[in-house]
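Given as structure tokens, the chain that follows is alone and in the form predicted on its own.
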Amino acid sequence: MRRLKDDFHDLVTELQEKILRQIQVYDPNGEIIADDWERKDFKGNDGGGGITRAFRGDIIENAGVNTSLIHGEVDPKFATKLGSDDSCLWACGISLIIHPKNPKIPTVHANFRMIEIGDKVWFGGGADLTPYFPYEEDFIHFHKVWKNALAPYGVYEKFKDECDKYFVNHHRNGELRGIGGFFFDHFNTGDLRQDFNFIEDISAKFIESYFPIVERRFKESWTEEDEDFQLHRRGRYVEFNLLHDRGTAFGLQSNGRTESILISLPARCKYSYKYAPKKGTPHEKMMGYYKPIDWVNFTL
């Protein structure tokens, strides 16, 4: 298990560097704020820490590509929530969020993690897209990459469905945060090395799933109306992250670093009472896509 944990930590730190380099391809003059941090566990002992990389630039308004490796005691009440009587936790993962400035480029989120508490060990993760303009070919591309990655393991349909059920603003009549992707948690087939190989394989597909969309859209112009819609949808993104996201709750309840946890929030967002886009606009059309859709078989 020790070697597997080391391998997983190496995996996420290498992926962090690859993704940051890819961001810099499109935003070479952007600023990376490198911020390594440490934490104490529930009993005040060394509890590990993480590597936060915050990015801001001309193309990417704000982004966070973060890794963490935490260990030690947690509040026994929190351990119970995780299904264990043992309060000794080990958790490692990468979590990223990219909020582009251009409304024609979608926001993207992804994470991959390994957790051990007591005698329980599992993997989790996923990736999902939050677009602001109805470029259906981009949505098809994103979903096809993940279907091709997951289908050989027989889990694409299940993980897509889990994503459509998870990233939902239930207080907004079941409106999805974006157009989905895939999501899984408590993944353990009984062969941890095989499960690690699965995570290694699919996490390598993130760059292919997202950056061709950035390449297609980053030079496109946009209007004030496009930006207004983007900022309102970012407001819905904030609502989900603060009200429903289990990752946010896990980070805070495990004595994680608040600045690194809340880096998922956009630099700017908007809220207007009873907001709705104008009728007949691309933004009204986009509102019709925040629901479960079979994008792989979508007909343009």
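Residue positions are given as counts along the sequence shown, with the first one as 1. Since the model is a prediction, treat every value here as computed from it, not as a measurement.
FYI, the form predicted in complex with a further copy of the same chain isn't displayed, but the following is about it.
*Asks:* Flag this candidate site as yes only if 2, 168 and 197 all have a heavy atom within 4.5 Å of a further copy of the same chain in the model of the complex; otherwise mark no.
*Replies:* Spot residues vs a further copy of the same chain: no contact at all.
*Asks:* For residue 272, is any heavy atom within 4.5 Å of a further copy of the same chain in the model of the complex, or not?
*Replies:* Output for residue 272 is yes: heavy atoms within 4.5 Å of a further copy of the same chain.
*Asks:* Does residue 172 reach a further copy of the same chain in the model of the complex if we count a contact as any heavy atom within 4.5 Å?
*Replies:* Taking the distances in the model of the complex, the answer for residue 172 is yes, it comes within 4.5 Å of a further copy of the same chain.
*Asks:* When the contact criterion is heavy atoms within 4.5 Å, does residue 258 count as touching a further copy of the same chain in the model of the complex?
*Replies:* Taking the distances in the model of the complex, the answer for residue 258 is yes, it comes within 4.5 Å of a further copy of the same chain.
*Asks:* So in the model of the complex, does any heavy atom of residue 39 sit within 4.5 Å of a further copy of the same chain?
*Replies:* No, residue 39 is distant from the partner.
*Asks:* What residues in 230 to 244 sit within 4.5 Å of a further copy of the same chain in the model of the complex, counting heavy atoms only?
*Replies:* Contacts from 230 to 244: 236, 238, 239, 242, 243.
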